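In the block that follows, a single chain appears as structure tokens, in the form predicted on its own.
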């Protein structure tokens, strides 16, 4: 290539996506989609030139040379100055073994197993159910101008089941999902359908929560959402570089309680695992916060060079898209408190569980998350179930309000959206106790 190019890389992803949708006991859709996409980046005298190709034929060397020339021409006119940090960790993390390969199971059998789960959700009081199954097999190849090349395959699969209960114009929903990277997870899961249906009916009969300031216990799912949305995004190097993070210029300062440690770990064999990131760099366990002190940011090679204080290996991308700084498996590290001890210590407050989404502004450092359900805590004991409850607050004050971390860390899988891309992640937490929380509600409990 022309000497005007300082660096180039290519990431090619091919594979197939399988999807099944069941609505009220009827298979609405089922099918397989094949794809082959590549993204080519060329770093010129200053910035990047980009070429995206779909479909991409890796055996056509002439076409590859043409794509690189096009990327080079685009790079020459780029104005932004780009510097890349070194990438010393050039190794492929081992993909976890698969217990039962989803790609070897017939589509019809997967549909039957999913139907069993959704039918189990039809407990008395449930009026509607919906089930989905997704499976994504990918073959990934990364190569760059240094001669480095690596290839691997992954298969992620999972299901979700939703149950809706209605009564006198009111409606409530119960929802269960599970996604894996280590094999098919559809067998023997009818209890998950029952749990979704039972939750929907219970919420329909629960009273709306009363809002206010109070002590609160967060379950592992909602605690994980806080770790991911409020802390993880604020630690991403591109947001820090742009000044859109409340954590900018806070490395080495106490931003939370001394018992709080928050980690992002792409090496963990959870749903957000990656053998290497989208820049060919092996990820590593990165402690964002250690004992309440902000220690590191999450980085791509570009943001590490621009911002520092952290680790590369956190650039991720959908097939055919540009790598951007992303989380993988993000969690609050467990402490030594028992669950019953935390409920007793809370005395009078609320337990918040599950997640129904929300919003966060990493720049202003504020968030609002909707819990799926709640339980009042009175005199150190769980009492009445409540619904329509949320958690609102400032990221830093909430981190300082964590007074106990449980010993029951649990991870939850999902997908994270950013920059128009959605990638698999997991987040988690033990039960945690907040000395003060702003609880949203619409009732008079």
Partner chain sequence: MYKEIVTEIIGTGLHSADEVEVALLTSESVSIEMKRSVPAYAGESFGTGLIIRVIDSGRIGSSSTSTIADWRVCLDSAISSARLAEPVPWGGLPDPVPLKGESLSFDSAVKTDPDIALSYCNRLLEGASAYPEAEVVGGGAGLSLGSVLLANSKGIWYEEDHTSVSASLETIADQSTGFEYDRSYSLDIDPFEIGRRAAELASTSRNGVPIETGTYDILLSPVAFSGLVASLLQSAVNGRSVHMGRSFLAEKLGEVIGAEHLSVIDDPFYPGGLGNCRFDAEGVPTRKNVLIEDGVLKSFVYDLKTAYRFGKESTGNAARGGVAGGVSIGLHTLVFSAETMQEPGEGHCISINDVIGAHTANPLTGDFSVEVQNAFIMEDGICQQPVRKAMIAGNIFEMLGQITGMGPTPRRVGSVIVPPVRISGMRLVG
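None of these values were measured; they are calculated from a predicted model. Residue numbers count along the first chain shown, from 1.
Not pictured, yet referred to below: the form predicted in complex with its partner chain.
J.: Check each of 188, 308, 94, 212 and return the one that places a heavy atom within 4.5 angstroms of its partner chain in the predicted complex.
T.: In short, 212.
J.: If you check 124, 147, 243, 88 against its partner chain in the predicted complex, which one has a heavy atom within 4.5 Å?
T.: It is 243.
J.: Give a yes or no on whether every one of 27, 128 and 357 sits within 4.5 angstroms of its partner chain in the predicted complex by heavy atom.
T.: Verified in the predicted complex; spot residues all in contact, yes.
J.: Counting any heavy atom within 4.5 Å as contact, can you tell me which stretch out of 326-334, 136-144, 359-367, 257-265 lines its partner chain in the predicted complex?
T.: Among the listed stretches, the partner-contacting one is 359-367.
J.: My question is simply whether residue 80 lines the interface with its partner chain in the predicted complex - judged by any non-hydrogen atom within 4.5 Å.
T.: Close contact exists here: in the predicted complex, residue 80 approaches its partner chain to within 4.5 Å, heavy atoms only.
J.: Mark residue 400 yes when one of its heavy atoms lies within 4.5 Å of a heavy atom of its partner chain in the predicted complex, and no otherwise.
T.: Flag for residue 400 set to no.
J.: Does residue 70 reach its partner chain in the predicted complex, with heavy atoms at most 4.5 Å apart?
T.: Residue-level check for residue 70: yes, a contact with its partner chain.
J.: Given that its partner chain is not shown alongside this chain, does residue 63 nevertheless sit within 4.5 Å of it in the predicted complex, heavy atom to heavy atom?
T.: Residue 63: no, not in contact with its partner chain in the predicted complex.
J.: For a quick check, can you give me the residues of 412-437 that have a heavy atom within 4.5 Å of its partner chain in the predicted complex?
T.: Residues within 4.5 Å: none.
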